[in-house]
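We begin with a single chain expressed as structure tokens, specifically the form predicted alone.
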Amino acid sequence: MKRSAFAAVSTIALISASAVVAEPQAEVLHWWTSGGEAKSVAVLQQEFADNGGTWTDMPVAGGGGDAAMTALRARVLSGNAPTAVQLKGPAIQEWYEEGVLADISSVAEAEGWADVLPASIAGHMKCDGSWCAAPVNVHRVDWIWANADVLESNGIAMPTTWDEFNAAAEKLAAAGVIPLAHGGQAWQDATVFEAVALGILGAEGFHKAFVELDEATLTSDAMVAVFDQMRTMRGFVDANFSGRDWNLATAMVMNGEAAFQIMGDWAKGEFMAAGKVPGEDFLCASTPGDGFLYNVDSFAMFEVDGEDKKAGQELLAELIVGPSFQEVFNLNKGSIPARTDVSLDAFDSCALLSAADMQASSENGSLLPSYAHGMALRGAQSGAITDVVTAHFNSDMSSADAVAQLAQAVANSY
């Protein structure tokens, strides 16, 4: 009788425990708030709900994630970290060093992540050899987007050199078209700057400057030429660029107010969300020069209390790297899957170009982490560079002075 009673109680306890585990909870902090981005994150929310989870959304708009990081720090300092946070690059390691990240190796190993993720991408997702983050995608940063009709009506082809870009921009300006849609925010300035730098410095020079922080490269004549081109670019933006969000700049290209935008392929997500067709309504090409600058969105899991939250983390990690989500999400977001085994049959011509270029760049050593989007450097160093870039772009500072300030800012950032 006692054994039966004990068995009954044990069964109830097991059912209760499984009921808790079967209701995964996740509070998710991210900065995907524009049209294409919001549509993309909704895919993950739905898949999480379909698997029995309860999702609490915590979107923080603005600053390319800067505002979200401010909100995150406040939450962590108060001892109330979100379940999952959109983090990337060295920022993952920085939070790991503060002892606040959870280990999701059990999910990664069960799902065979090491077999389906490029080694360079997987490297960003590990902390001291353990998996601590889940990659969502691979964004290419060094893109030029263009309004197809505007280019055709002005007899302009997509530029393949910076000289061609400058000539096209001057022709467009003379025709009353804004050559370059740009938002005057520090991270957008940095995005244009690193695309210019890759084209002028080359892949090896870019790596020396913005990964190794090599002083000789930072102070070289080639770096002066990079700032010279940035000064030229400043003349191609409209007077109202200050403070403009990136997706509003994309809309300027979309509606024909501007011809070009230099922005990562999340801009393509905006075009697609508006029903625009690549190759017909808009054109895509890598910015002049060889190489591929990548920006990988990922989610890091923070240490939380409660089996429901831990179950939420495990479910999120599994879904994020799962082939279904990788395909559907990236079709919406404009990026390409982080997994190498996902079929690209449903992807557009720009995504196919991105995937082919990533493969080629990976093989020839020109697949490079974006400094502007937090993949190459820690915050202090990248911030120091961007401060100089933005100060130069918004003043009459000479290129020589900018280079001198660049080297000094990097030296002072340690």
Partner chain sequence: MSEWLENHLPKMVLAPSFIAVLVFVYGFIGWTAWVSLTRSKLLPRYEIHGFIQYDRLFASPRWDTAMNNLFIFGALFIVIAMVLGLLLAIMLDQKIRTEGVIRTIYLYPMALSMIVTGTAWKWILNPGLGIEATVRGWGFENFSFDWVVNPDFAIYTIVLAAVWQSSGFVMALFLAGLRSVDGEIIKAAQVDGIPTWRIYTAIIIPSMAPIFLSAFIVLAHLAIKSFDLVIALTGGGPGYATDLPATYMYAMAFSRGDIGQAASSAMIMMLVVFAIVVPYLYSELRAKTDG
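Predicted, not measured: the structure shown is a model, and the values here were computed from it. Positions refer to the first chain, counted from 1. By rigid core we mean the largest C-alpha set that fits within 1.5 Å across both forms.
This protein has a second form, the form predicted in complex with its partner chain, left out of what is shown; the following refers to that one.
Q: Name the residue from A110, L77, A157, A114 that puts a heavy atom within 4.5 Å of its partner chain in the model of the complex.
A: By the 4.5 Å criterion, the partner-contacting residue is L77.
Q) Considering N255, T161, S153, N240, which brings a non-hydrogen atom within 4.5 Å of its partner chain in the model of the complex? A) For this set of options, the contacting one is N240.
Q.
Would all three of T70, S395 and Q408 be in contact with its partner chain in the model of the complex, where contact means some heavy atom lies within 4.5 Å?
A. Contact check passed for all of T70, S395 and Q408.
Q: Specify the contacting stretch among 360-368, 51-59, 377-385, 38-46, defined as having any heavy atom within 4.5 Å of its partner chain in the model of the complex.
A: Of the stretches listed, the one contacting the partner is 377-385.
Q.
So, E98 and its partner chain: in the model of the complex, are they within 4.5 Å at any heavy atom pair?
A. Yes, E98 lies within 4.5 Å of its partner chain in the model of the complex.
Q) Even though its partner chain is not shown here, does D290 get within 4.5 Å of it in the model of the complex, heavy atoms only? A) D290: no contact with its partner chain in the model of the complex.
Q.
Against its partner chain in the model of the complex, would S399 count as a contact residue? Criterion: heavy atoms within 4.5 Å.
A. S399 lies outside the contact set for its partner chain.
(Q) I'd like to know whether D348 contacts its partner chain in the model of the complex, with contact meaning heavy atoms within 4.5 angstroms. (A) Although its partner chain is absent here, D348 would stay clear of it in the model of the complex, with no heavy atoms inside 4.5 Å.
Q | Large Cα shift (2 Å or above) at L87 between this form and the one not shown, core-fitted | A | Indeed, L87 is displaced by 2 Å or more.
Q | Threshold 2 Å Cα movement between this form and the one not shown at F302, rigid core reference | A | Yes.
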